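Coming up is one lone chain in structure tokens, specifically the form predicted alone.
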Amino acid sequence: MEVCGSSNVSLREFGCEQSLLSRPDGSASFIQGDTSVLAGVYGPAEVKVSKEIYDRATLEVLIQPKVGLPSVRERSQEQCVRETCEASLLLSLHPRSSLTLILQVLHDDGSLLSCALNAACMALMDAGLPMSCLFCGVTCAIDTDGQIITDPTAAQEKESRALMTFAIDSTEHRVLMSSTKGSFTVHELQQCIAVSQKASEKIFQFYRDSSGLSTIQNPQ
């Protein structure tokens, strides 16, 4: 388990552990503050004929809530994660096969979608799947005073007037996916994107530091 604190951009302490499950081809747990998600990747494997795509792999993403059955919220989050993974994975290298990514929510204390994205990326890395780039998730909330809060807690999300989650790629810091909720101006959206791109640098550094290591990194 490796843990990293925040410095310039205000991020909660986060940690990751890879290869902690034996059955999946790749697995990882990712923790952001008190929010934690466990990810498992299966495949490439044989795909049903009805789901077969002749020139690339079929990717299925399933998000399991901590309690109860998946709802509309989980279905929306699944689509966001799937779009992000499809933008970074080289699926054309495995035609007529299937990849399954299962995300189990262990605890939700805000910024759940970004935590799920980070867990997904670490699990895909652990599975050794070919990718054009890595990606990470960053959540921003805008409070009633117009202040931007990165990696908000559940309480901060509840009090905010807008909530945005972005998937950022590791090569050019492009936005691969965005999910927004609430009311905000174009300028506020651009500000949140810029803040997320800055925060992503810290997360990608954590990826590099944590892969294959089992150490603790102190806040800078």
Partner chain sequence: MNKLIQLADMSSSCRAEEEPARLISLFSLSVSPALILLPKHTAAKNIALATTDWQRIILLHTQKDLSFLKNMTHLFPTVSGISCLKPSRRKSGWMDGRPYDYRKIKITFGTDYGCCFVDLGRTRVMAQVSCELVAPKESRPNEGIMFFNIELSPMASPAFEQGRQSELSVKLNRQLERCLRNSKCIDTESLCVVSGEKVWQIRVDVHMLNHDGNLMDAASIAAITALCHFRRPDVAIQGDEVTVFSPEERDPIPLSIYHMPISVSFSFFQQGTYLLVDPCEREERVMDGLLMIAMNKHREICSIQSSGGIMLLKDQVMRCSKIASVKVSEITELIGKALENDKKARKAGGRCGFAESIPQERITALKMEESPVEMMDVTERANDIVQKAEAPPQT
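Please read these numbers as outputs of a predicted model, since none were measured by experiment. Numbering follows the first chain given and starts at 1.
Although not depicted, the form predicted together with its partner chain is the subject of the following passage.
Asker: Do residue 96 and its partner chain share at least one heavy atom pair within 4.5 Å in the predicted bound form?
Answerer: Residue 96 lies outside the contact set for its partner chain.
Asker: Would you please decide whether residue 159 lies within 4.5 angstroms of its partner chain in the predicted bound form, comparing each non-hydrogen atom pair?
Answerer: No.
Asker: So in the predicted bound form, is its partner chain close enough to residue 107 to count as touching (4.5 Å, heavy atoms)?
Answerer: The answer is yes: residue 107 has a heavy atom within 4.5 Å of its partner chain.
Asker: With the cut-off set at 4.5 Å between non-hydrogen atoms, does residue 64 touch its partner chain in the predicted bound form?
Answerer: Flag for residue 64 set to yes.
Asker: Considering its partner chain in the predicted bound form, which of 47, 163, 195, 177 comes within 4.5 Å of it through any heavy atom?
Answerer: Here the answer is residue option 195.
Asker: May I ask you to list the residues of 190 to 208 that have any heavy atom within 4.5 angstroms of its partner chain in the predicted bound form, in sequence order?
Answerer: If the 4.5 Å heavy-atom criterion is applied to its partner chain in the predicted bound form, 190 to 208 yields 190, 191, 193, 194, 195, 197, 198, 199, 201, 202, 206.
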